[in-house]
Every structure is written in structure tokens, then in C-alpha cells.
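Encoded as C-alpha cells, the following chain is the form predicted alone, with no partner shown.
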Amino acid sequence: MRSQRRHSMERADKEVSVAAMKEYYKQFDPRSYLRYNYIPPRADFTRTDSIVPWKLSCLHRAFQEGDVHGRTLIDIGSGPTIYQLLSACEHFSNIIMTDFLEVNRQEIRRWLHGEPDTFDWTAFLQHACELEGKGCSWPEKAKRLRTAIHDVIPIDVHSPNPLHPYSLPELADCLVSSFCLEAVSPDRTSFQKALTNLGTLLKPNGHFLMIGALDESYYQVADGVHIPVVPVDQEFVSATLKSCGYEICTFQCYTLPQDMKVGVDDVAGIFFVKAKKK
């Protein structure tokens, strides 16, 4: 009886912790987040050591290798960004974007509908085209991405059925996730559980492309508002993926140059992993 009571209390504590993370995110400001992370120096396309060009290069290579293909791709925790799908739209015709926050889903829909005063992704589109040898076709890529995105829906990675009540017609051939699990999990156990939950959305032999922060404990989501992040490293991420039934194909790490530390987080670096579900 005492053991059962202890386990019940542990579950309650976990629920409170996950609930606390959800409360933090009510303060998330998409425009501030974009301003902190997606303008120079972090998005400086004249520099080979800038963060965003590095991320785009990793995604480009992952898709160009030819083994990531199919029809349906789900972007996990899209936030208010579209850059993570610029290579994907050349290979997948049915892209589903997801986020826990309605303000982020609204920001994405505004870009999809071509509304004025949305974040300017032109430089990102141009860079992706240059990586593909299509330097002059960025308006076509923007149109292709808008056509490929079929839905923008809620997600809760901490739920055993992350997309409920949305019903997937078919499991995904690929999952993409950028700066999501470590940023929404109160601890490493929750991170692992969330990764397990997401595995229910992916076909066997499907791929998971994940970008995340290394050794980060907080990041800024609005003026004066910081959200805690569970610090992770390559060893933990690799072990967690393997324990969840993935084979790691590629694992790359990027160390943040000093001038990229602009005061909106304490991230030490970034990882990119390409994994395959067994």
C-alpha cells in the first residue's frame, strides 16, 4: 500500500510539473521569439558559422541523401517558424504542422495565407534554394511549401495520443522537430516519455529528424520572460533515441560562437540527429 501511495504521489508531482510548463508557455510571444533567434547574428547568411545556415544545411543534406521519403511528414512543435520545412517540401506532398500554442498556429496560418506584416522568410527561402542549386526560385519554393502544408493542428507531446482529437489517415513517413522536447519537458524522464509518445505517429522504418539545444537551462520567450529548459547532451539524446527504438544514422553538433550568445538563452550548442525507427 505504501509503495502504491508513493508511486501515486510521484505521478501527481509529474503532472504538476508538466502542467507548470504549460503555464509558462501562456506567456510565449511569437514575434519576440522570432526577433531573438531569426535575425542576425543567428540568422546571418553571409557567415558559414551562423546558427540558422548550419541548421538549414543539416536538413538539406538529410533529405538529399535520398532515404527520407514518402507522402506524409509531421512537424512536431512547429512554433511560429517555417524554415525547418524548406527542404522537406521538395520530398513530401502532405505536411502537417503542429504546435501546442494557438498563437503559434495563428502565426503560421498568417504566413500561409500571405497576410501582411508576417515575419520575412525571404532570406531563408533564398538560402535553401541556393543549397539546392535553385538560387532564383525562392518564390516557387514558398508556393510549393504553402501547397504541401495541408494542416496546422494542436499537439501535446506529453499525451499518449499527441494529436488527439485529430485522427491521422495514415502514420507519418517522417517526423521533424526543432527545439521542442527539451523546451517543453520539465525533466529528462518527461523528455523520454514524450519521445515515446511521438513514436506512435511514425511508421516502422520512418525517419525522425531532430534539432535541439545542448546544455541549455532557459530561453527567453518575451521581454523579461524566461522558460526553463531541461539540459541535454549528445550522450543522453543518443541513448534516449535508442531506448525508444531508433537507429541513429547521423548525429552532428554545433558549438555556439561567442558573438551568437546574445543574452536570450544560455545554450552552449545545437545538435542535429537523423534517426530511423526500427
Ligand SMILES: C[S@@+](CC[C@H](N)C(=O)[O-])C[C@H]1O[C@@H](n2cnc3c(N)ncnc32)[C@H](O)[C@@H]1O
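So that there is no doubt, residue numbering starts at 1 and follows the sequence shown. Quantities reported herein were computed from a predicted structural model and do not represent experimental measurements.
Below: the form predicted in complex with this ligand, not depicted.
This form leaves room for this ligand: after superposition of the C-alphas round the site, using its pose in the model of the complex, no atom of it sits within 2.4 Å of a backbone or C-beta atom.
For the three marked residues, Leu85, Ile149 and Phe208, no heavy atom of any sits within 4.5 Å of this ligand in the model of the complex.
Contact with this ligand in the model of the complex, judged as any non-hydrogen atom within 4.5 angstroms, is confined among 165 to 173, 199 to 207, 149 to 157, 86 to 94 to 149 to 157. Distance criterion of 4.5 Å from any heavy atom to this ligand in the model of the complex singles out Ala183 from the list Ala128, Leu195, Ala183, Leu145. Of the residues given (Phe28, Phe251, Phe236, Phe45), Phe28 alone sits with a heavy atom within 4.5 Å of this ligand in the model of the complex. Proximity of Phe191 to this ligand in the model of the complex falls outside the 4.5 Å heavy atom cutoff.
Heavy atoms of Phe63 never reach within 4.5 Å of this ligand in the model of the complex, leaving it off the interface.
The shortest heavy atom separation between Tyr219 and this ligand in the model of the complex is within 4.5 Å. Put simply, Glu107 is far from this ligand in the model of the complex: not one heavy atom of it is within 4.5 Å. Taking a 4.5 Å heavy atom cutoff to this ligand in the model of the complex, the one contacting residue in 38 to 69 is Tyr38.
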